[in-house]
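What follows is a single chain, given as structure tokens, in the form predicted on its own.
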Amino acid sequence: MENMVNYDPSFAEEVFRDVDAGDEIKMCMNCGVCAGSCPLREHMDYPPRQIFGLIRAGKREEVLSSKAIMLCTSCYTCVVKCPRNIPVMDVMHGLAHYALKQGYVPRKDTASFGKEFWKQVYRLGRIDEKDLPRRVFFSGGLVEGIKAMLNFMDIGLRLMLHHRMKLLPERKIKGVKSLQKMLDKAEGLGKGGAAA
């Protein structure tokens, strides 16, 4: 009996309390239907039911640094198939957002893209198809940025030839201030506060 490890429920309590839809994990019966129906299951380091088990086991590092929590494409297949009606997709997204807030970056490229994407949406109300990749490419440094730009140069040229990418910078949408207020309010609600 002296080799038994004490169970520490603190991480599970943290997830239930602080992660969007985190308390829904309590309903999981570990059937594995979510993983079996996920189109990205082969790319996951841990399927959702194993993520839920790791949470219950107090494995904070394994969960928050997992690539699986960043893979969800919001296809809803797991939600539709779950016999307990657990919003698995919401839980995975909630864990991904929580991991990023805690300083974990399981998929650096995806996180960098997401950060730059939302910065542009907030600033302009739209995406600038040439500026966004440039910012993402160079977020890893000058040499990495040059390599990435050279790798994607043919795609950029084709986009320009087909008038899918403009040469001039994108302008802000009309009413961008209203959009920013809405996004600020949504962020405040997401933090559990009541935004003004």
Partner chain sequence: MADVQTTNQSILVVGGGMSGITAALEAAEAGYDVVLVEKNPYLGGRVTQLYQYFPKLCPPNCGLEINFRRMRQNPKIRFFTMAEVAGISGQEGDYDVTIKLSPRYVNEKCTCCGKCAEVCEVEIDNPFNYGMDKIKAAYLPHEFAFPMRYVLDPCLVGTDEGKKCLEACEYGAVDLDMEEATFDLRVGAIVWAAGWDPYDAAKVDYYGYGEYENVITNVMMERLASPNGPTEGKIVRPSDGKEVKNIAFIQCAGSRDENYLPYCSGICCLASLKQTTYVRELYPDCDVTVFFIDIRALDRLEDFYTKVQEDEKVTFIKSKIANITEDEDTGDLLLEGENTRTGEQILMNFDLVVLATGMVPNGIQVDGAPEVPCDEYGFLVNDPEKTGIYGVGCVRRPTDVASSVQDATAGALKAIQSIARR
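Just so we're clear, the structure is a prediction, and the values are computed from it rather than from any experiment. Residue numbers count along the first chain shown, from 1.
Absent from the display: the form predicted in complex with its partner chain. The rest refers to it.
Only one segment in the set 45-53, 132-140, 145-153, 59-67 has any non-hydrogen atom within 4.5 angstroms of its partner chain in the model of the complex, and it is 45-53.
Residue 31 belongs to the set of residues with a heavy atom inside 4.5 Å of its partner chain in the model of the complex.
Taking the partner from the other structure, its partner chain in the model of the complex has a heavy atom within 4.5 Å of a heavy atom of residue 85. The shortest heavy atom separation between residue 80 and its partner chain in the model of the complex is within 4.5 Å.
Among heavy atoms of residue 36, some come within 4.5 Å of its partner chain in the model of the complex.
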